[in-house]
Structures are given as structure tokens and as C-alpha cells.
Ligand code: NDP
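Shown next as C-alpha cells: one chain only, the form predicted on its own.
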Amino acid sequence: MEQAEIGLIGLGTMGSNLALNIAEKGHRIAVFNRTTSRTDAFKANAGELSDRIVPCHSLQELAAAIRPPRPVIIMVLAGTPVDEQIAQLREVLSANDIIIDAGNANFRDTIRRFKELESTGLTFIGMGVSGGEEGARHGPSIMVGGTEESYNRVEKVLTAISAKYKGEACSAWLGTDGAGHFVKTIHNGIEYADMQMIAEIYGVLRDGLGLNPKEIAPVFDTWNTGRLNSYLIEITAKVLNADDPKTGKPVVEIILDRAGQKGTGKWSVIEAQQLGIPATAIEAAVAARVLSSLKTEREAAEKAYGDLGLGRISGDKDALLADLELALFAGKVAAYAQGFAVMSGASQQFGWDLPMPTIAKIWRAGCIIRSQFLDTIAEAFSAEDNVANLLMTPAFIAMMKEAHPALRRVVARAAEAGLPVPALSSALAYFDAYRQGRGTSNLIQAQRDFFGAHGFERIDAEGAFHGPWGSNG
């Protein structure tokens, strides 16, 4: 029997969809699931693709079914289950075989696993996959970290199954060990910020202008035809237009306002802090999700404070809608600038040499934050070497000069109306602080020196100095 080109372990929703995608693109794939009945059912339900699927009932059978060097994709829960699966695979795989973790792993775990396998003859790939269930089935964005040699073994399959943007595959090797999973983490951090800002704009439209979901949906639909064209804006319009079959009400109105999270947003914030690179819009978005989970406390606070006499925003509706569009765009610019700055810092810290234009390009289709805006980012990185921050590239300077006044007006009017816009506010504060040549940290340095003798730098001399606090104390 012809051997499979690749193997896959874990036939949950994502694993099943990825396996079907691989088979559909013409590659024979061996599959294994701990519950053998699921493996058999998967092949039985694969229809015309079943001939390219090799069901295996043991890991030994799986290894025997794959053409060496054997690449095996793991699609199991992140954390300990991945380590357990790797330990089991080490008993059946041979030198030069490749274990591929395609889950949402912490990149530091990926670095550890990569190093642990180096002395065994096996190699490890940490592969970020973005696009959800639909992406896994029909074309995700794929971010690969590992040795270039191991990527070359699976490049043909990954290129075939990835999303395509104007004929270009949205899959790439980004660097060694944890590079792929780190880029996926920052992708998700930007996604958090993007979603939070959209939700904040929705809140202004709902609570500030008193619009219902069916009135708000066309607004996002229209924005999706312009500078905000993106997957998240597109689905926002669809979500707001959808009705609940049970009640007949707009489905968004019967959903509890308590957002979940799986950890990648938090990881992106932690790593930004570790690297000393501000990612304030992402931080605000993660904090907003945490605050949303405090549903009981928020309801109690609403009763305690009562009606503050705020809420509605008056004035020219069309002018406000135009401001909201530009404000959302400005916030998006800041969030992406922060995310790419974090990746740039990590690239230096971990020696990855991350290809920034390539990252922007492979995010243009398949992934959750895909948008036309990423073309501009790719061009900005391609036009200049060593871009410190996207906000300093000509295209972004022009965009922010146009958009920041609207962001400023929206944040101010939302604050006056008592409408929370934490991510948009953080984006504005970041922009203002970033463009301020003379800030206020001189006072902080004076305070630090006063109570801790930490010293400070002078504007008129080199070296470390202390203030005359003793004589003033």
C-alpha cells in the first residue's frame, strides 16, 4: 500500500478539518485518535476523500504508514497532553522524523520541547495555525518555527493546504524553535485588540446613539467596503444581522456579556512586558475581557452608582459615524504597530530574524485578523530596513495624521457620556506618548532618586546624578 505523506494525531474539530484539508489537496494522510471508533468514523464519513485517509489504531501502525522522514501533526490540548504525546511518539519514531505541534502552545514550551528533542535524532516544529474551524478545513494561515530542513520536508503539504492571497500561499517558515508559535501568539494579541475596539464602537452606537443591532449592522457593512475592510468587520455585520431562532430577537442581544479567553492574549501581554515593549491596546483588551467576567460585581456596581445622568451622545449623527470609522482605523493602526514592535523585539531577543513583510503577507488570508490593511504593512516593512515602529513609516504617519483627530474626538465624547472605550483610549494615549519628544518621566526619575537614590541622567551632561533632596528635606 502507498505510504502516507504525513500523519495526524487528534481528530477533534480542528484536527479533523485539517486532515480533510490535507486529503482534499491530494495528499495521503495517516490518522490516529485515542478513541479508535472516532478514527474509523472519520474515514467512513470522509466521502470521496476516504481513499486518501489511512486509519491507524496504534502509534506503531501510524509510524509504519508514513513515508520517512515521518512528519506527524499533533492536534491535542496544549500543555501536559502535548508532552505526553511526544513521549509516546518517541517510542515509535526514528531519526529525522518530525513532530509538529499545531495547537495554541506557549512558545516557551515549544522552545523547551525543541531543545529536548535535539539529542534524540527527532526534530520538532511549533506550527501556529490561524483561521478557526473554517480555516483549518479550507485554508488557514500557517506560521512555522523549527529547522529549515524540517520545514522543507512538509513545505509542499503546508503550502497546498494554506489560504491563498492572489495566488500566494499564506504559509511560511519564520525561524527556529518557538518562532511560529510566538508569531501566532502576537497574532492573537492583535486579534484581542481588534475585537475589543470593534466592540467599543458597537457600544457607542448602541448606548451612545441608541441604535439597535439591525441599524448597526449596515454601518459595519459599509465600513467593510473601505479602509476597514477585514474579516472581523465583515463578520460583525453578519452577527448583528442574525436572529435567534428561539426568541426571534437579534442573537447578539441574548448573548451574555461575559467574554472568554484561552490564554494567548494574556501570553502576548506578558511577553511584551518581559521584552519591555509597550503593547497598551492589547493589554487593555485583555483586561477588558477579565473585567467582563466580573458580571455579578458589575451588576452590583450599577445598582450602587445608579444613573449618572450620562449615556447618550448628541449632535450630527453622520459626522459621528464618520469619526467612529476613522477612530476605529486609528486604533487598529496603533494595535498593529504595537504587535509588530513586540515581534521585532522578540526576534532580536531569541535570534529568530523574523521576516516582518512575510508575516504581514501570510496574515492577508486565512487568519482571523486578515484585512487589506496588511498589504500596507508588508509594503512598509519591505520599503525600509530596521523599522523600529510602523508609526514611523511614511504610510503610517500619513494615516495617523488623518485619523488621530477622530480618535481623539470619539474617546473624549465617550468619556463624557460614561461609555467605556479602554482599548481605543489606550491606543490614543500610546500614540500621544510615543509622539511626545519631551514627556513627564523626568518627574518620575526625580521621585525615584528622592526616595531610593536611584539616580538620574541630566539633559546637559553625561553620567548619573543625584538631586539636592537632602538640603530640601
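Please read these numbers as outputs of a predicted model, since none were measured by experiment. Residue numbers here begin at 1 and follow the sequence given.
Note that the form predicted in complex with this ligand isn't included here; everything after this is about it.
S.K.: Mind telling me which stretch in 400 to 408, 438 to 446, 420 to 428, 32 to 40 gets its heavy atoms within 4.5 Å of this ligand in the model of the complex?
M.R.: After filtering at 4.5 Å, what remains is 32 to 40.
S.K.: Tell me whether G10, P81 and G132, taken together, all sit within 4.5 Å of this ligand in the model of the complex, counting heavy atoms only.
M.R.: Answer is yes for this spot.
S.K.: Any of the heavy atoms of Q85 lying within 4.5 Å of this ligand in the model of the complex?
M.R.: So Q85 counts as contacting this ligand.
S.K.: Closest heavy atom of P71 to this ligand in the model of the complex, within 4.5 Å or not?
M.R.: Because no heavy atom of P71 falls inside 4.5 Å of this ligand in the model of the complex, the answer is no.
S.K.: Mark G146 yes when one of its heavy atoms lies within 4.5 Å of a heavy atom of this ligand in the model of the complex, and no otherwise.
M.R.: Heavy-atom contact with this ligand at 4.5 Å: absent for G146.
S.K.: Hey, in the model of the complex, is L328 touching this ligand, heavy atoms inside 4.5 Å?
M.R.: Taking the distances in the model of the complex, the answer for L328 is no, it never comes within 4.5 Å of this ligand.
S.K.: Exactly one residue in A217, L374, V252, V76 has a non-hydrogen atom within 4.5 Å of this ligand in the model of the complex; which is it?
M.R.: It is V76 that has a heavy atom within 4.5 Å of the partner.
S.K.: From the list R312, K166, K246, K262, which entry has a heavy atom within 4.5 Å of this ligand in the model of the complex?
M.R.: It is K262.
S.K.: Taking this ligand as it sits in the model of the complex, which residues of 101 to 122 have a non-hydrogen atom within 4.5 Å of it? Please list them.
M.R.: Sequence-ordered list: G103, N104.
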